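Just one chain follows, in the form predicted alone, and it is written as structure tokens.
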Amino acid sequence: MEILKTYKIYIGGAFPRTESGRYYPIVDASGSTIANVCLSSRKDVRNAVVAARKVFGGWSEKTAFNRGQILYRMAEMLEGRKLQFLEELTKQGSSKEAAALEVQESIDCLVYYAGWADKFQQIASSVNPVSSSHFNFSALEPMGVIGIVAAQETSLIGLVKFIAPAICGGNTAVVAASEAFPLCAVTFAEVVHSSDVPGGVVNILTGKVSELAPAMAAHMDVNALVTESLGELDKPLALACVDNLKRNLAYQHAVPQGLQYITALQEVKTTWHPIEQIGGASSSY
């Protein structure tokens, strides 16, 4: 008798089972069950947010260069386990060609954001002209804990393309994986776990999006919600985000890479620095 793998969730750098004790089966194109996956609950969302908030300070204070190194390490580890991801993607119905393309896109996505980690501040920050005797600077700061609902039609790239820009900019993430294609999500959590990412920076849950997404949107300690359009859920999620003025980013067709996905999850901090007039010359202090 074949013993099916039961995929766990990933919270705070550990792989617990859902506190609800529930699971659901994943089937292949022929309708045969290929694995069992945790059916996460609202309590799991709360636990993940606590873990993400706990490590946010330490992660956001790391040097941008170090965050880039860690993202690059994630790409290396993903490439090293390419065959495993290819197998899981084909089990879930992808052709060999489509699976190979999805894995390569995911590796490229991580390398892309690794490169941006210590550069986006230079592009997106500014020195602003003012009429008084001040220097005026605008710089970016990470928002905090980001709730992410992975794109539902893909297993791997739909997850990676939202996680990478969030953590590149110094945020931490609580992620709901694709409901129908979740196998690569927990395997990707194993990549995260072995890539020098501090526990709690990325937390990955599996289960029903209709249960997990509203819990993220309503949670008062989640600073932004990132999704790819979820149809009928879009409006209720947008309304739930209003309660704590949470930034709601519901992309229609998010491409795998783009600077805008980093800056959308940053707050702008503006600093005024006075200029002292000394003998007709200007100096700052």
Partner chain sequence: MAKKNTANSQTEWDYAASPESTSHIRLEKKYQLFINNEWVEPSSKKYFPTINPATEDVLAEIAWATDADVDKAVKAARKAYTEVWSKMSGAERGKYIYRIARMMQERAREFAVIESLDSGKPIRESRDVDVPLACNHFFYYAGWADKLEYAMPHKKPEALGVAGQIIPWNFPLLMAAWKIAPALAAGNTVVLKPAETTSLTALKLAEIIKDSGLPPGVVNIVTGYGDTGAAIVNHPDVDKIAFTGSTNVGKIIQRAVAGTHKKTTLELGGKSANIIFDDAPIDQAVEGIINGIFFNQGHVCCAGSRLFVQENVADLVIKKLKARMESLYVGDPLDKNTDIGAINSKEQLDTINKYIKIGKAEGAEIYQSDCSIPSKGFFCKPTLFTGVSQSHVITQEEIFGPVLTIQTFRTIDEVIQKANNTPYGLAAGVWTDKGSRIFNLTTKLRAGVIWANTYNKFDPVSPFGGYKESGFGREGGVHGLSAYLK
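As the structure is a computational prediction, the values presented were derived from the model and not from experiment. Residue numbers count along the first chain shown, from 1.
Just so you know, the form predicted in complex with the partner chain exists too; it's not on screen, but the next bit is about it.
- Remark: all three candidate residues (S131, G144 and A238) come within 4.5 Å of the partner chain in the model of the complex, counting heavy atoms only.
- Contact with the partner chain in the model of the complex, defined as a heavy atom within 4.5 Å, holds for exactly one of L230, L249, L259, I34, namely L259.
- This chain appears without its partner; in the model of the complex, the one residue of S210, S194, S95, S138 with a heavy atom within 4.5 Å of the partner chain is S138.
- Contact annotation for A14: none of its heavy atoms lies within 4.5 Å of the partner chain in the model of the complex.
- Taking non-hydrogen atoms only, P274 approaches the partner chain to within 4.5 angstroms in the model of the complex.
- Although the partner is absent from this view, L83 stays clear of the partner chain in the model of the complex, with no non-hydrogen atom inside 4.5 angstroms.
- Among heavy atoms of F56, some come within 4.5 Å of the partner chain in the model of the complex.
- Look at 86-94, 202-210, 149-157, 123-131: in the model of the complex, residues with non-hydrogen atoms within 4.5 angstroms of the partner chain sit in 123-131.
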